[in-house]
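Only one chain is shown below, in C-alpha coordinates, and it's the form predicted alone.
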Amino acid sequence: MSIDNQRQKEISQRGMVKRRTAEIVGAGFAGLAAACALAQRGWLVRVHERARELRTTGAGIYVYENGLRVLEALGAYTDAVSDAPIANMREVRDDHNRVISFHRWDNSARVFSVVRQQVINALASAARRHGVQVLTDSEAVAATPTGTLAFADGAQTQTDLIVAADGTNSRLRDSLGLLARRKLLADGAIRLLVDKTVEERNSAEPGKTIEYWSGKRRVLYTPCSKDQIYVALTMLDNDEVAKAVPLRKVEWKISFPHLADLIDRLGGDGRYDRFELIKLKRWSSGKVAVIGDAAHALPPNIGQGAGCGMMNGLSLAVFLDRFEDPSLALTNWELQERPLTDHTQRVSYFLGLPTAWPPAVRAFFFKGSSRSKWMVRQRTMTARHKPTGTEDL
(Lines give C-alpha, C1' and ligand atoms only; values in the text may rest on other atoms or scores of the structure.)
Protein backbone atom coordinates (compact mmCIF):
# COMPACT_ATOMS: atom_id res chain seq x y z
CA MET A 1 0.00 0.00 0.00
CA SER A 2 1.37 3.44 -0.93
CA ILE A 3 1.91 6.07 1.76
CA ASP A 4 -0.91 8.13 0.23
CA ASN A 5 -3.40 5.24 0.31
CA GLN A 6 -2.34 4.34 3.83
CA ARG A 7 -2.95 7.93 4.90
CA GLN A 8 -6.44 7.98 3.40
CA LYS A 9 -7.23 4.70 5.15
CA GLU A 10 -6.16 6.21 8.50
CA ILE A 11 -8.38 9.25 7.97
CA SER A 12 -11.34 7.09 6.92
CA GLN A 13 -10.94 4.71 9.86
CA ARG A 14 -10.97 7.64 12.30
CA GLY A 15 -14.06 9.11 10.70
CA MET A 16 -12.26 12.37 10.11
CA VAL A 17 -12.68 12.92 6.40
CA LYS A 18 -12.71 16.72 6.83
CA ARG A 19 -9.74 16.77 9.17
CA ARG A 20 -6.76 18.63 7.72
CA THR A 21 -3.55 16.66 7.29
CA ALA A 22 0.06 17.70 7.75
CA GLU A 23 3.29 15.92 6.89
CA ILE A 24 6.29 17.22 8.83
CA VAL A 25 9.80 16.36 7.69
CA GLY A 26 12.37 16.44 10.47
CA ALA A 27 11.94 15.53 14.15
CA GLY A 28 14.05 18.28 15.66
CA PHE A 29 12.96 21.13 17.91
CA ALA A 30 11.08 23.01 15.20
CA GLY A 31 9.43 20.01 13.57
CA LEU A 32 8.21 18.47 16.82
CA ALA A 33 6.97 21.84 18.10
CA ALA A 34 4.96 22.34 14.90
CA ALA A 35 3.63 18.78 15.17
CA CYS A 36 2.39 19.34 18.73
CA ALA A 37 0.82 22.70 17.90
CA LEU A 38 -0.97 21.49 14.77
CA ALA A 39 -2.30 18.37 16.51
CA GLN A 40 -3.58 20.49 19.38
CA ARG A 41 -5.61 22.41 16.82
CA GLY A 42 -7.22 19.37 15.25
CA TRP A 43 -4.80 18.48 12.47
CA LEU A 44 -3.95 14.88 11.65
CA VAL A 45 -0.16 15.02 11.81
CA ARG A 46 2.62 12.71 10.79
CA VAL A 47 6.34 13.37 11.40
CA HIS A 48 9.05 11.82 9.21
CA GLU A 49 12.57 11.38 10.60
CA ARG A 50 15.17 9.88 8.31
CA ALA A 51 17.28 8.48 11.16
CA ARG A 52 16.40 5.22 12.90
CA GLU A 53 15.80 6.99 16.20
CA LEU A 54 15.09 10.49 17.42
CA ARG A 55 18.46 11.92 18.25
CA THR A 56 19.87 15.43 18.24
CA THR A 57 23.35 16.64 17.43
CA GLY A 58 25.20 18.59 20.05
CA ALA A 59 25.06 18.06 23.78
CA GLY A 60 23.52 20.84 25.84
CA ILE A 61 21.19 23.71 25.13
CA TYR A 62 20.02 26.93 26.73
CA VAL A 63 16.26 27.37 26.79
CA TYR A 64 15.26 30.94 27.58
CA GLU A 65 11.92 32.39 28.65
CA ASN A 66 10.58 32.48 25.08
CA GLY A 67 11.33 28.80 24.50
CA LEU A 68 10.06 27.81 27.92
CA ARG A 69 6.72 29.46 27.19
CA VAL A 70 6.45 27.45 23.96
CA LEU A 71 7.22 24.22 25.83
CA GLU A 72 4.51 25.11 28.35
CA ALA A 73 1.97 25.76 25.58
CA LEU A 74 2.79 22.41 23.97
CA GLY A 75 2.64 20.39 27.18
CA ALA A 76 6.35 19.49 27.15
CA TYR A 77 7.73 21.87 29.78
CA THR A 78 7.89 19.62 32.86
CA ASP A 79 9.68 16.75 31.11
CA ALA A 80 11.99 19.11 29.23
CA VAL A 81 13.43 20.90 32.28
CA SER A 82 13.31 18.06 34.81
CA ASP A 83 16.50 18.13 36.94
CA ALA A 84 17.95 20.93 34.79
CA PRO A 85 19.64 23.81 36.64
CA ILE A 86 18.38 27.36 36.32
CA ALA A 87 21.15 29.32 34.59
CA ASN A 88 21.46 32.45 36.72
CA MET A 89 24.89 33.86 35.98
CA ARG A 90 27.50 33.92 33.23
CA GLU A 91 31.16 34.92 33.34
CA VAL A 92 33.49 35.63 30.44
CA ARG A 93 37.19 35.17 31.22
CA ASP A 94 40.19 36.30 29.20
CA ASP A 95 43.43 34.55 28.23
CA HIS A 96 44.75 34.99 31.77
CA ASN A 97 41.60 33.55 33.38
CA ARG A 98 40.51 37.00 34.56
CA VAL A 99 36.80 37.86 34.60
CA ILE A 100 36.18 40.51 31.94
CA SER A 101 32.37 40.51 31.95
CA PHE A 102 29.61 39.20 34.16
CA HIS A 103 25.89 38.87 33.58
CA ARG A 104 23.22 37.80 36.03
CA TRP A 105 19.75 36.90 34.78
CA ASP A 106 16.99 38.45 36.84
CA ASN A 107 13.87 36.64 38.00
CA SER A 108 11.69 38.13 35.24
CA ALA A 109 13.15 35.84 32.58
CA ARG A 110 13.87 32.16 33.22
CA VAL A 111 16.82 30.38 31.65
CA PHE A 112 17.54 26.66 31.92
CA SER A 113 20.60 24.80 30.66
CA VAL A 114 19.43 21.35 29.59
CA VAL A 115 20.66 18.21 27.88
CA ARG A 116 19.44 18.58 24.29
CA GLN A 117 18.19 15.01 24.00
CA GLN A 118 15.95 15.54 27.02
CA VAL A 119 14.13 18.38 25.27
CA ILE A 120 13.71 16.33 22.09
CA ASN A 121 12.33 13.42 24.11
CA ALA A 122 9.90 15.74 25.92
CA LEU A 123 8.61 17.21 22.65
CA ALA A 124 8.27 13.76 21.06
CA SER A 125 6.32 12.47 24.06
CA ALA A 126 4.02 15.49 23.98
CA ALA A 127 3.48 15.04 20.23
CA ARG A 128 2.47 11.42 20.67
CA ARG A 129 0.09 12.38 23.49
CA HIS A 130 -1.55 14.82 21.09
CA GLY A 131 -2.03 12.00 18.56
CA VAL A 132 0.95 12.66 16.28
CA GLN A 133 2.39 9.69 14.42
CA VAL A 134 6.21 9.78 14.46
CA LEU A 135 7.89 7.65 11.79
CA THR A 136 11.62 6.95 11.91
CA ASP A 137 13.72 5.68 9.02
CA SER A 138 11.41 7.71 6.76
CA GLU A 139 13.30 9.96 4.35
CA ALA A 140 11.52 12.67 2.35
CA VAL A 141 13.47 14.14 -0.55
CA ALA A 142 11.28 16.72 -2.30
CA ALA A 143 8.04 18.67 -2.07
CA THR A 144 5.82 20.60 -4.46
CA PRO A 145 3.81 23.77 -3.76
CA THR A 146 0.63 21.75 -4.45
CA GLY A 147 1.28 19.53 -1.40
CA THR A 148 2.96 16.46 -2.85
CA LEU A 149 5.70 14.95 -0.70
CA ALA A 150 8.15 12.51 -2.30
CA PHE A 151 10.19 9.92 -0.41
CA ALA A 152 13.54 8.27 -1.04
CA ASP A 153 11.88 4.91 -1.72
CA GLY A 154 9.81 6.39 -4.55
CA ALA A 155 6.55 6.71 -2.60
CA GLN A 156 4.50 9.91 -2.61
CA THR A 157 1.70 11.38 -0.56
CA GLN A 158 -0.66 14.31 -1.01
CA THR A 159 -1.48 16.48 1.99
CA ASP A 160 -2.93 19.82 3.04
CA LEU A 161 0.35 21.04 4.54
CA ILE A 162 4.02 20.11 4.34
CA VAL A 163 6.41 21.45 6.97
CA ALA A 164 10.07 21.31 5.99
CA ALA A 165 12.05 21.12 9.22
CA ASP A 166 14.86 19.02 7.82
CA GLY A 167 17.85 21.11 8.90
CA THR A 168 20.53 23.18 7.23
CA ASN A 169 20.91 20.73 4.34
CA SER A 170 17.14 20.70 3.69
CA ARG A 171 16.34 18.85 0.50
CA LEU A 172 12.73 20.05 0.60
CA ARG A 173 13.75 23.71 0.80
CA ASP A 174 16.19 23.29 -2.06
CA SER A 175 13.65 21.41 -4.19
CA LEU A 176 11.48 24.54 -4.02
CA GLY A 177 14.27 27.02 -4.82
CA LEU A 178 13.71 29.06 -1.64
CA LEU A 179 17.32 29.53 -0.56
CA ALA A 180 18.52 33.14 -0.74
CA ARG A 181 21.82 32.92 1.12
CA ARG A 182 23.89 30.24 2.80
CA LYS A 183 27.03 31.56 4.46
CA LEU A 184 29.59 29.33 6.13
CA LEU A 185 30.98 31.25 9.11
CA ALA A 186 34.56 31.55 10.28
CA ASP A 187 34.14 29.38 13.37
CA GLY A 188 32.65 26.15 14.62
CA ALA A 189 32.41 23.95 17.70
CA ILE A 190 32.90 20.53 19.24
CA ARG A 191 30.20 19.81 21.82
CA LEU A 192 30.39 17.18 24.55
CA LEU A 193 28.85 16.06 27.82
CA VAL A 194 30.99 15.14 30.79
CA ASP A 195 29.99 13.61 34.12
CA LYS A 196 30.16 15.89 37.15
CA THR A 197 32.70 15.36 39.87
CA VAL A 198 31.64 15.19 43.52
CA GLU A 199 32.72 18.82 43.90
CA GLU A 200 30.63 19.90 40.92
CA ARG A 201 27.59 18.04 42.23
CA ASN A 202 27.90 19.93 45.51
CA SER A 203 28.67 23.31 43.95
CA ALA A 204 27.22 26.37 45.64
CA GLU A 205 26.68 27.87 42.17
CA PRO A 206 24.98 25.09 40.14
CA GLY A 207 23.68 27.53 37.53
CA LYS A 208 26.94 29.31 36.76
CA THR A 209 28.19 29.28 33.17
CA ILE A 210 31.78 30.25 32.40
CA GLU A 211 33.14 31.19 28.98
CA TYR A 212 36.93 30.85 28.86
CA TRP A 213 38.99 32.41 26.05
CA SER A 214 42.53 31.72 24.88
CA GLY A 215 43.54 33.38 21.65
CA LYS A 216 40.83 32.44 19.18
CA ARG A 217 39.85 29.29 21.06
CA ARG A 218 37.08 29.12 23.63
CA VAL A 219 35.74 26.67 26.20
CA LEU A 220 32.14 27.07 27.35
CA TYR A 221 31.42 25.34 30.66
CA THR A 222 27.73 24.84 31.45
CA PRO A 223 26.10 22.62 34.10
CA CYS A 224 23.05 21.10 32.36
CA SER A 225 21.72 18.42 34.74
CA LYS A 226 22.32 17.10 38.22
CA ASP A 227 24.85 14.66 36.74
CA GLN A 228 26.40 16.32 33.67
CA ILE A 229 28.32 19.33 32.40
CA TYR A 230 27.91 20.61 28.84
CA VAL A 231 31.26 21.62 27.35
CA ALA A 232 31.54 23.41 24.00
CA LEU A 233 34.95 23.97 22.44
CA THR A 234 34.90 26.64 19.73
CA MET A 235 37.60 27.64 17.31
CA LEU A 236 38.18 29.17 13.88
CA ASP A 237 37.42 26.73 11.09
CA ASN A 238 40.97 27.02 9.79
CA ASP A 239 42.37 25.83 13.14
CA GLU A 240 42.84 22.23 12.05
CA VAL A 241 44.45 21.12 15.31
CA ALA A 242 41.71 22.55 17.54
CA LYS A 243 38.82 21.15 15.52
CA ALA A 244 40.29 17.65 15.24
CA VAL A 245 38.17 14.78 16.56
CA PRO A 246 39.08 12.80 18.64
CA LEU A 247 40.09 15.79 20.70
CA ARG A 248 43.80 16.63 20.82
CA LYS A 249 43.83 17.16 24.55
CA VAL A 250 47.51 18.13 24.81
CA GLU A 251 46.92 21.05 22.44
CA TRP A 252 43.85 22.22 24.34
CA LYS A 253 45.67 22.00 27.68
CA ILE A 254 48.43 24.20 26.28
CA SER A 255 45.77 26.82 25.49
CA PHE A 256 43.91 26.31 28.78
CA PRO A 257 46.35 25.01 31.41
CA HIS A 258 43.95 26.00 34.21
CA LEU A 259 41.33 23.63 32.67
CA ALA A 260 43.64 20.62 32.36
CA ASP A 261 41.57 18.46 34.72
CA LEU A 262 38.35 19.23 32.81
CA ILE A 263 39.96 18.57 29.42
CA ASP A 264 41.32 15.23 30.63
CA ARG A 265 37.77 14.19 31.54
CA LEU A 266 36.36 14.85 28.07
CA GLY A 267 35.46 11.79 26.01
CA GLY A 268 35.96 11.07 22.34
CA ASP A 269 32.32 11.14 21.28
CA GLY A 270 32.12 14.77 20.17
CA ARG A 271 31.93 15.97 16.58
CA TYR A 272 32.93 19.20 14.90
CA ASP A 273 30.25 21.38 13.29
CA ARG A 274 30.93 24.60 11.43
CA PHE A 275 28.53 27.45 12.15
CA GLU A 276 26.50 28.88 9.30
CA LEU A 277 23.86 31.43 8.46
CA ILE A 278 20.84 30.65 6.25
CA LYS A 279 18.29 33.09 4.85
CA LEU A 280 15.38 32.34 2.53
CA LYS A 281 13.64 34.35 -0.18
CA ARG A 282 10.44 33.49 1.67
CA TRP A 283 9.42 30.97 4.31
CA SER A 284 6.78 29.18 2.26
CA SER A 285 5.77 28.07 -1.19
CA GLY A 286 2.16 27.07 -1.77
CA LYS A 287 1.31 24.39 0.80
CA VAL A 288 4.89 24.08 2.05
CA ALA A 289 6.27 25.98 5.07
CA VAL A 290 9.95 25.95 6.03
CA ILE A 291 10.99 26.27 9.69
CA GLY A 292 13.98 25.79 11.99
CA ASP A 293 17.55 25.62 10.70
CA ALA A 294 16.24 24.90 7.21
CA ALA A 295 14.82 28.44 7.19
CA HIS A 296 17.03 30.49 9.49
CA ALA A 297 20.13 28.71 10.80
CA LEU A 298 22.23 30.99 12.99
CA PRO A 299 25.36 30.71 15.13
CA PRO A 300 24.76 29.82 18.79
CA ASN A 301 26.11 33.02 20.34
CA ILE A 302 22.86 33.96 22.10
CA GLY A 303 21.44 30.44 22.39
CA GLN A 304 18.31 31.01 20.30
CA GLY A 305 18.49 28.57 17.39
CA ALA A 306 16.08 26.08 18.97
CA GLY A 307 14.09 28.89 20.59
CA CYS A 308 13.33 30.51 17.25
CA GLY A 309 12.56 27.16 15.67
CA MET A 310 10.05 26.24 18.37
CA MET A 311 8.45 29.70 18.34
CA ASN A 312 7.96 29.59 14.59
CA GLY A 313 6.61 26.04 14.74
CA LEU A 314 3.96 27.09 17.25
CA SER A 315 3.08 30.34 15.51
CA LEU A 316 2.72 28.50 12.18
CA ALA A 317 -0.13 26.45 13.66
CA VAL A 318 -1.71 29.56 15.21
CA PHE A 319 -1.83 31.40 11.89
CA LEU A 320 -3.21 28.39 10.03
CA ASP A 321 -6.01 28.45 12.60
CA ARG A 322 -6.65 32.16 12.12
CA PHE A 323 -7.06 32.11 8.33
CA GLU A 324 -9.19 29.80 6.23
CA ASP A 325 -6.96 30.38 3.21
CA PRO A 326 -3.63 28.56 3.86
CA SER A 327 -1.64 30.83 1.52
CA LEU A 328 -2.96 33.89 3.34
CA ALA A 329 -2.10 32.25 6.67
CA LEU A 330 1.48 31.52 5.62
CA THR A 331 1.98 35.02 4.23
CA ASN A 332 0.79 36.68 7.42
CA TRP A 333 2.74 34.21 9.56
CA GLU A 334 5.98 35.25 7.91
CA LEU A 335 5.13 38.96 8.00
CA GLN A 336 4.63 38.84 11.77
CA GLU A 337 7.25 36.32 12.86
CA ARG A 338 10.20 36.88 10.54
CA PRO A 339 11.36 40.31 11.81
CA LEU A 340 12.25 38.94 15.25
CA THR A 341 14.00 35.91 13.74
CA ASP A 342 15.99 38.20 11.42
CA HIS A 343 16.95 40.35 14.43
CA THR A 344 18.08 37.26 16.32
CA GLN A 345 20.26 36.19 13.40
CA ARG A 346 21.87 39.63 13.14
CA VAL A 347 22.69 39.87 16.85
CA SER A 348 24.00 36.31 17.04
CA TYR A 349 26.18 36.85 13.99
CA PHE A 350 27.52 40.15 15.36
CA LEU A 351 28.42 38.60 18.72
CA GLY A 352 30.44 35.92 16.93
CA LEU A 353 32.74 38.43 15.22
CA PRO A 354 35.03 38.90 18.26
CA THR A 355 36.23 35.30 17.81
CA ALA A 356 38.65 36.55 15.14
CA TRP A 357 39.73 39.70 17.00
CA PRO A 358 42.95 40.18 19.02
CA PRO A 359 42.42 39.27 22.70
CA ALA A 360 42.83 42.85 23.98
CA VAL A 361 40.24 44.19 21.52
CA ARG A 362 37.87 41.33 22.31
CA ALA A 363 38.17 41.94 26.07
CA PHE A 364 37.42 45.64 25.56
CA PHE A 365 34.35 44.75 23.48
CA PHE A 366 32.97 42.30 26.04
CA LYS A 367 33.45 44.76 28.89
CA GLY A 368 31.70 47.51 26.96
CA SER A 369 28.83 45.40 25.66
CA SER A 370 28.05 44.00 29.13
CA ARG A 371 27.67 47.56 30.44
CA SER A 372 25.67 48.89 27.49
CA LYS A 373 21.93 48.87 28.23
CA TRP A 374 21.20 49.14 24.51
CA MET A 375 23.36 46.12 23.70
CA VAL A 376 21.83 44.09 26.52
CA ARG A 377 18.35 44.91 25.15
CA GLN A 378 19.33 43.77 21.67
CA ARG A 379 20.86 40.57 23.00
CA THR A 380 17.90 39.66 25.22
CA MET A 381 15.05 40.86 22.99
CA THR A 382 14.25 37.36 21.74
CA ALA A 383 14.50 35.79 25.19
CA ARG A 384 12.02 38.30 26.62
CA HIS A 385 9.56 37.99 23.74
CA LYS A 386 6.15 36.41 24.42
CA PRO A 387 5.76 34.01 21.50
CA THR A 388 2.59 33.90 19.44
CA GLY A 389 0.33 31.27 20.95
CA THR A 390 1.56 31.81 24.53
CA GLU A 391 -0.09 35.15 25.32
CA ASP A 392 -2.58 33.57 27.76
CA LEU A 393 0.04 31.68 29.79
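Heads up: residue numbers just count along the shown sequence, starting at 1. Since this is a predicted model, take the numbers as computed values, not measurements.
Keep in mind that the form predicted in complex with a small molecule is missing from the display, and what follows is about it.
Only one of 155 to 163, 188 to 196, 92 to 100, 75 to 83 lies within 4.5 Å of the small molecule in the predicted complex by heavy atoms, and it is 188 to 196.
Shown here without its partner, the chain carries 283, 326 and 387, none of which come within 4.5 Å of the small molecule in the predicted complex through any heavy atom. Contact check for residue 338: every heavy atom lies farther than 4.5 Å from the small molecule in the predicted complex. For the chain shown alone, residue 217 is not a contact residue for the small molecule in the predicted complex, no non-hydrogen atom being within 4.5 angstroms. In the predicted complex, the small molecule sits within 4.5 Å of a heavy atom of residue 304. Taking the partner from the other structure, the small molecule in the predicted complex has no heavy atom within 4.5 Å of any heavy atom of residue 119. With the partner omitted from this view, the residue of 147, 270, 207, 167 that lies near the small molecule in the predicted complex is 167 [heavy atom within 4.5 Å]. A heavy atom within 4.5 Å of the small molecule in the predicted complex is found for exactly one of 61, 45, 37, 68: 61.
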